[in-house]
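First, one chain by itself in structure tokens, the form predicted on its own.
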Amino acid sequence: MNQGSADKTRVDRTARKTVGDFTHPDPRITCRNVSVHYGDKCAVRNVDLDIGRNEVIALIGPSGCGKSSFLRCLNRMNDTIEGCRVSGEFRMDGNDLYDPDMDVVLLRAQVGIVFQKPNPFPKSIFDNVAYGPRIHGLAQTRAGVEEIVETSLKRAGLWEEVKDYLNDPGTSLSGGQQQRLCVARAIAVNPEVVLMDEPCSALDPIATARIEELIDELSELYSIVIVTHSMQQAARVSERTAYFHLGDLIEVGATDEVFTKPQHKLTEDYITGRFG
């Protein structure tokens, strides 16, 4: 083995031991020994991580490092990808998320997700938000549905902008408004956790700032896991940060410590722009 290969092997072995405390004193979700494979490719390798109650945790790392693959495990979105295999243990409030008897539809209501690009349904603004509560039977009357829609749009910071246009198509809104509509749709079913996969990557700076304000407000009610390529955004919105590299969870810690005093060389190299 030449010296270059030996150095790479040492880095790889070091990478597989997470630096920092992956546990949380009040976890909503606990993940242990999590691996994700797409065919023969390992995208996530032996990850342990807790998602705290009412915390915002950011997952950062270079493209293809496994952060989105890990995120999708939390509400079993990977189940929809052919050839994807997930192993390990996931528990929310003690319940096994991968129990064969788990109702996946109910799980995805409890663990909502907001995607990279706004994806409102081809329905009215009202019906976008009302869809989930209706199929889950959360309201028995029209008045009940209207109350949920109004509350959700207010929590998403969108009510004042759309209250007179609820019958207009969701797709008629601006990009930032559409993304807030998708947040309102996710929280309308009373989730416990909200997953956000690059929620601001398609938005302008003003819309991004509004989403970031919204994340701070929503953290009083929900646990939030956000995947972001923006280290500045992670620093602004999260309490803890987890850094992924080539499928390994490298470092977890309080966000200010990870960004100012990283414990692992790989984390430091990424944050200082040496790679990624």
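The first residue of the sequence shown is number 1, and the count goes up from there. Think of the rigid core as the biggest set of C-alphas that the two forms share within 1.5 Å after superposition. Computed from a prediction, not measured in an experiment: that's the story for all the values here.
Below: the form predicted together with a small molecule, not depicted.
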The stretch from 63-71, 215-223, 23-31, 49-57 that lies within 4.5 Å of the small molecule in the predicted complex, judged by heavy atoms, is 63-71
The one option of A202, I81, L138, V104 with any heavy atom within 4.5 Å of the small molecule in the predicted complex is I81
- Query: Even though the small molecule is not shown here, does E192 get within 4.5 Å of it in the predicted complex, heavy atoms only?
  - Reply: no
Interface membership of Q116, the small molecule in the predicted complex, 4.5 Å heavy atom rule:
yes
TODO: With heavy atoms only and a cut-off of 4.5 Å, decide whether D127 touches the small molecule in the predicted complex.
DONE: no
Determine whether any heavy atom of A43 comes within 4.5 Å of a heavy atom of the small molecule in the predicted complex, and answer yes or no. yes
Examine R85 after superposing the rigid core and state whether its CA is displaced by 2 Å or more between the shown form and the other one. no
Exercise. Superposing on the rigid core, do we see a C-alpha displacement of 2 Å or more at Q116 between the shown form and the other one?
Worked result: yes
What changes in the predicted complex is the Cα distance between K117 and A209, by 3 Å or more; the two atoms are farther
